[in-house]
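Next comes just one chain, in structure tokens: the form predicted on its own.
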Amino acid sequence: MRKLKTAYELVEAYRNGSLDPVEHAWRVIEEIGRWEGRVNAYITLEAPEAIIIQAEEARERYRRGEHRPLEGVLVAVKDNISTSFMPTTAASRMLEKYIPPFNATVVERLVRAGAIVVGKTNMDEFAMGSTSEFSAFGPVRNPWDLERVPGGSSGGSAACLAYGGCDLSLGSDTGGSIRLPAAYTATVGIKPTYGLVSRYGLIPYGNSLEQIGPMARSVKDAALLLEVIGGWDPRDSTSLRIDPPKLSNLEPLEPGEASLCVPREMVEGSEEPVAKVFWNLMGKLESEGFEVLEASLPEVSKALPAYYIIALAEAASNLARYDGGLYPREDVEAGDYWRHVAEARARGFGWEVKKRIVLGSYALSEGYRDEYYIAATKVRRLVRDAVLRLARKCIIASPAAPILPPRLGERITDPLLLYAMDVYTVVANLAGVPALAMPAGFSQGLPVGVQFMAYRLGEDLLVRLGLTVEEMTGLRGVAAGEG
């Protein structure tokens, strides 16, 4: 385990002159060169020369006292978030040469804040997966154990943080795709309240569920990044008409300011090592004076199947646009339209994406729509109402994942085992509430994460609790490797 400077510490060091942005940029480039051949966290990397030029510009801004919030900070962006200056593939052969004509809103805000985009991160194809093994560009490996997965689908965004290949990163979270990788790599991830962060420029998977969110090596860093990317965007019809949240200068939560609830249904299925680390953390919070209450959310027992029916139905609709016409493929000959479409999809989509399209189409088909899709939306309402009732009273706590990071290939052959990895995280997406995942400790040398959920727009409460937990565990700015 190593300790690395957090993004907030970097900005402070740049400001007071104790660290040169160019010097730091070279260190990150060296880390990428040392780790990337083994981890495969990036699909596309910016040229080192371009990174250094931007770092030199940042250095000059600091010298003139004109620095912006993320000036000279190196940020990795998940490869389903549009960038006009490098390819956006969604880890799929269908889009392997696609360069968008525009930037996503979050990318525009990063650049305006002075961030340097170091590259586009590897992921499960079209964000469909929980292990980052379903990528057309090869699986991502966990820097803490290269034989294990880093979680998914934002596995690349977490893995490059975990080995020091960036300072901050962006992921997207449809059912836990930020929080599961955060839990498996000892990093921090926030799934914001639905609508707090613009989805404009995000290649869609499940529109009613997904959110772009920050990933970092500390809670304060994640809060700082969320400040930059959050707030209303007129180009996104799902965007909330609110100002960006003010989160980076919050103080840790004190006992008596909020209580915690642990739903038994969100712990009972955990493996013993995960449960042991989780309850140990809850015990530490109690010993500090926090009230930790047992609760029940029986509705969440139906959350996983409801989530997957809704997500796959929306995926089937979203991926219908990839017919080989709007995004043409050179290896498919022109001719009969339907044959052209069939060949483009057969060659462009991976197996997991094809499977989810078929299942989603089935759930929406005549004769089954009411039985599956409509029923799932009703369950979603029940889950949402139950979560909101409990979140009004307390912060909801649970493990972020029920198991330790599995080995490569261990889960992807059994869809039920694979999908069950999201059992605790899908709840926040169905309810539209914010959720924070962060390190709780280690077991067998592997990271174990805790998840906290709050009421809508309760990101400030989560950040404050996260700061408190971070002080207890000391797991701030940690990275894999010797140091």
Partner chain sequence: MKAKIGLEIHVQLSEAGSKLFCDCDSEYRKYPPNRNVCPVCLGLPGALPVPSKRALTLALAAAKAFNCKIPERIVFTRKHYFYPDLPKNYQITQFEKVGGAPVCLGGYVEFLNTDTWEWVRVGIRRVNLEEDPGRTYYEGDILTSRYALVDFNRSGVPLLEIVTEPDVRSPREARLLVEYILLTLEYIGATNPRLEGVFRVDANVSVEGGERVEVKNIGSTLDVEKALKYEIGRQTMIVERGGKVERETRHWDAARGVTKPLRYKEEEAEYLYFPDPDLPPVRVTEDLLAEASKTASRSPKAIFETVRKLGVKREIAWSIVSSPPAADRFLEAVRLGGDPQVLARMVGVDYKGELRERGLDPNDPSRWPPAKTLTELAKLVSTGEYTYDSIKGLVLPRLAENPGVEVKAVLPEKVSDIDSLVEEVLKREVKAVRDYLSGKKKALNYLVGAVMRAARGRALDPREARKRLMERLESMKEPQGEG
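None of these values were measured; they are calculated from a predicted model. Positions refer to the first chain, counted from 1.
There is another form of this protein, the form predicted in complex with its partner chain, and it is not shown here; the text below is about that form.
A.B. asks: Residue-level contact is defined here as any heavy atom of the residue lying within 4.5 Å of its partner chain in the model of the complex; does W351 satisfy this criterion?
C.D. replies: Looking in the model of the complex, residue contacts with its partner chain do not include W351, since no heavy atom lies within 4.5 Å.
A.B. asks: Please run the contact check for W279 against its partner chain in the model of the complex: heavy atoms, 4.5 angstroms, yes or no?
C.D. replies: Contact with its partner chain, no.
A.B. asks: Decide whether S208 counts as a contact residue for its partner chain in the model of the complex under a heavy atom distance cut-off of 4.5 Å.
C.D. replies: Yes, S208 lies within 4.5 Å of its partner chain in the model of the complex.
A.B. asks: Although its partner chain is absent from this view, report whether L364 comes within 4.5 Å of it in the model of the complex, heavy atoms only.
C.D. replies: Yes, L364 lies within 4.5 Å of its partner chain in the model of the complex.
A.B. asks: Counting any non-hydrogen atom inside 4.5 Å, which residue from A258, A320, L382, A275 sits next to its partner chain in the model of the complex?
C.D. replies: Exactly one listed residue reaches within 4.5 Å, namely A320.
A.B. asks: Here the chain is shown alone; which of Y200, W144, Y372, F137 has a heavy atom within 4.5 Å of its partner chain in the model of the complex?
C.D. replies: Answer to the contact question: Y200.
A.B. asks: Among 261-269, 392-400, 163-171, 322-330, which stretch has residues with heavy atoms no more than 4.5 Å from its partner chain in the model of the complex?
C.D. replies: Residues of 322-330 come within 4.5 Å of the partner.
A.B. asks: Taking F102, V341 and R345 as the candidate spot, are all three within 4.5 angstroms of its partner chain in the model of the complex by heavy atoms?
C.D. replies: The answer is yes; F102, V341 and R345 each reach its partner chain.
A.B. asks: Suppose contact means any heavy atom within 4.5 Å; which members of 215-243 contact its partner chain in the model of the complex?
C.D. replies: Contacting residues: P234, R235, D236, S237, T238.
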